[in-house]
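In structure tokens, the next block holds one chain alone, the form predicted alone.
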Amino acid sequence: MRIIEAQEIRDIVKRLCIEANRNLGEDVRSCIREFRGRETWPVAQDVLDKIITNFELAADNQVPICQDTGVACVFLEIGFDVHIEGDLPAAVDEGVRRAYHEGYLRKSLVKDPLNRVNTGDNTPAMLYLELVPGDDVTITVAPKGFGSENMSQIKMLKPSDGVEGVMDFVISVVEAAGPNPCPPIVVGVGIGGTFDKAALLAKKSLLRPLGTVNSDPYYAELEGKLLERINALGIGPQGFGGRTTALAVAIETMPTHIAGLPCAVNINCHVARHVREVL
């Protein structure tokens, strides 16, 4: 049995929160540059150039890429053979608290959804725990801005809706979102499970490095078809038109009930922040 002190996780969460907000992952950078090379609409080219300049300046000056430094979504994959010594949720929150204070990151959480008083420290974190084989702890921090989160939707489709129903729903969500989530976007899709599991699948799909596809060839092909249809909408970067509405579509699935076909779409803006470390 491996023992890990909760404070070790606290310190890593703090560092990853700051890093994610200042340094866009190379997978996202490369993807944006690749789409810039394909774009033919001059206005879209100009917008993408400004996006590239923005994330380069953020990294060079170690300042946030975006003013919305997001809700701190923290995913922990904890090995069966690991014992966490200490209060794990409190340690994660303390890591977030220190990061948003010491990193000069905007604090965006309110204490109650209807009594909207700021918590003052961007806690609590949205904490997701998963038990996995082994004696490691994998920590993924993905700050999620709400310009894109607000555009996400879930729908309980009928089994008879099939793949066409899923595709039509995904396209309708992106079309309704329009320029609001700061395109180009990354589209996470969760299919199956239950109402809540589908939403979690969609959010977890956004953690996949851009440029990778679903391991199942059927869903990899579906990702490609959806990306093509989304980019044919002509919304374009920041809604000014062009071929680059989405950078990627990521689908995750799980078994579901014979009577249901849950489908969730979680949209992320082009600042697709996700940083991972194995402890």
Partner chain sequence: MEHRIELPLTREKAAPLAPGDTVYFSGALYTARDAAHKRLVDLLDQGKPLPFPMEDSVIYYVGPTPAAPGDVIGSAGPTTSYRMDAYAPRLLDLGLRGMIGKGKRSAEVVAAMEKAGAVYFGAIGGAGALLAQCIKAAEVIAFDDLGPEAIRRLRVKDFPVVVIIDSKGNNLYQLGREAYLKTLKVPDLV
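Residue numbers count along the first chain shown, from 1. Note that this is a predicted model, so its numbers are computed, not measured.
Just so you know, the form predicted together with its partner chain exists too; it's not on screen, but the next bit is about it.
K.L.:
Within 4.5 Å of its partner chain in the predicted complex, do we find a heavy atom from each of Thr40, Asn54 and Gly241?
P.N.:
Answer is yes for this spot.
K.L.:
Name the single residue among Thr194, Thr138, Asn180, Thr119 that comes within 4.5 Å of its partner chain in the predicted complex, judging by heavy atoms.
P.N.:
After the contact test, the surviving option is Asn180.
K.L.:
Work out which of the listed stretches, 44-52, 27-35, 246-254, 220-228, brings a heavy atom within 4.5 angstroms of its partner chain in the predicted complex.
P.N.:
Among the listed stretches, the partner-contacting one is 44-52.
K.L.:
If you check in the predicted complex, is Val271 within 4.5 Å of its partner chain, heavy atoms only?
P.N.:
Yes, contact at 4.5 Å.
K.L.:
Examine Gly234 and determine whether its closest non-hydrogen atom to its partner chain in the predicted complex is within 4.5 angstroms.
P.N.:
Because a heavy atom of Gly234 falls inside 4.5 Å of its partner chain in the predicted complex, the answer is yes.
K.L.:
Residue-level question: is Gly147 within 4.5 Å of its partner chain in the predicted complex, judged on heavy atoms?
P.N.:
So Gly147 counts as contacting its partner chain.
K.L.:
Please check if Cys66 has a heavy atom lying within 4.5 Å of any heavy atom of its partner chain in the predicted complex.
P.N.:
Yes, contact at 4.5 Å.
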